[in-house]
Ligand SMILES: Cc1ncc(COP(=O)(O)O)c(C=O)c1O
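Taking the form predicted on its own, here's one chain by itself in structure tokens.
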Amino acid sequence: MKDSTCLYNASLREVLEAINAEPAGTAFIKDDDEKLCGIVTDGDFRRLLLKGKGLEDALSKSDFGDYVVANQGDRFEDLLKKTNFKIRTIPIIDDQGHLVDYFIYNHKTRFTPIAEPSLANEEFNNLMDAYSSTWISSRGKYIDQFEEGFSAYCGVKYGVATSNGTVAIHLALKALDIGEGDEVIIPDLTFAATINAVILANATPVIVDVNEEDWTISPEEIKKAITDKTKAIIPVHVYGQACDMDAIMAIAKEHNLKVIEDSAEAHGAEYKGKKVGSFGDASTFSFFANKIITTGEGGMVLTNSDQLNERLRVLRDHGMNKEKRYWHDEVGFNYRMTNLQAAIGCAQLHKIEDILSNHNKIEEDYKTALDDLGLFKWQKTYSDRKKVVWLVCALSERRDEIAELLIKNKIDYRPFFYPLSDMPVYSKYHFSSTNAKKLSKLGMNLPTVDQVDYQRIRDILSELK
């Protein structure tokens, strides 16, 4: 705990190092006699920065946060009484006023959210490093590190970071010269970003049905929908489930079609031992705040093609010539990620396997707690695929009743996406949809966060048994 203390006149950089040294996220401030005289939490630190303090500026007493202390030997009940929603960390001191330990209590509300980002000290440290470097826009070391690290994780040669997942799809389409007069086959069960990107590229989406068992785009329906105008397929690895990529790639090869994998919900999922995102001509990912790993907003296009990688980078940066600055050879976009976002992404990538493991455990804990109620059919697993848990997914004939009870008890839930073909703005692009409509009516996502109280949810839903 020694590393988490610093003197009353320390620089903010030293305070940050102390905050990072302990899980409490708190720097304990001492005077010249080694006695505790204040604390600075990570929240206090952020407020100091917002007030204009620099990392090399020294602390003053007015910078210390609100705090109370406990005495060595105090009972647990006494410690709890000292906490509230503003004061969570209680320093414990001896008779001379020296810090000997601390108590931290994480207050939880009774509202259980559907998802929340897994953020800790490394993300904050990276962010502050990028901030202090002054490289806060679309250039900086973290962008290169994130592109290289994430593409390597997926087993793909190149990664091109973007400002979000939707523009990643649009950028991939434009880089592959897919546009007016071209048809792009997409699944009916997906978030609207998939179809919006196709429409914004001036191409024509063709909406086809999904498989009832795995919920992903049906290869048989793809075959039926192909015309002489078909140029590409966008398989979506929906809700962490990998598509049947062997069948899709065989169809694409037979008909000379491009494949863009929409992997926004499936970071780390695998098909026959290969990561999703490594099969197509290009693949896209989202790093929105509720995704498996996040950069706040952000996305990435992956490709193994040297030529496509170069074209993606030119189009991402306004269509500017790489050799002749401010000379534009074609109309491009500003689809760049910032160094600040990438700094968070690098830290997230370091713990992606821990996040995936935790999400898997959450799903298993739901099954253990709820299976005997007979209310849910869980997302199917396959021996040749590695499904990941983005959000815990289930089908239920009593979905609406379950949803009403959860919401009443301040537990968030999310219905499956509406079929694209059900929405008037997209209905004219419909080709086939039976399973997607059924799944959409039955499908729901349950909170996929650490604070799930499984017994409480079981008790709430038991009345439906």
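None of these values were measured; they are calculated from a predicted model. Each residue number is its position in the shown sequence, starting from 1.
Quick note: we don't show the form predicted together with the named molecule, though the next part is all about it.
A residue is said to contact a partner when one of its heavy atoms sits within 4.5 Å of a partner heavy atom; E363 fails this definition for the named molecule in the predicted complex, lying far away. At least one heavy atom of G298 is located within 4.5 Å of the named molecule in the predicted complex. For the chain shown alone, E221 is not a contact residue for the named molecule in the predicted complex, no non-hydrogen atom being within 4.5 angstroms. When contacts are judged by a 4.5 Å heavy atom cut-off, K291 counts as touching the named molecule in the predicted complex.
Judged by heavy atoms within 4.5 Å of the named molecule in the predicted complex, the contact stretch among the candidates 123-131, 153-161, 166-174, 223-231 is 166-174. Residue T194 is the only one of T303, N211, T194, T338 with a heavy atom lying within 4.5 Å of the named molecule in the predicted complex. Interface residue among T190, Q348, T216, T112, judged by heavy atoms within 4.5 Å of the named molecule in the predicted complex: T190. Contacts to the named molecule in the predicted complex (heavy atom within 4.5 Å) from stretch 230-247: V236 only.
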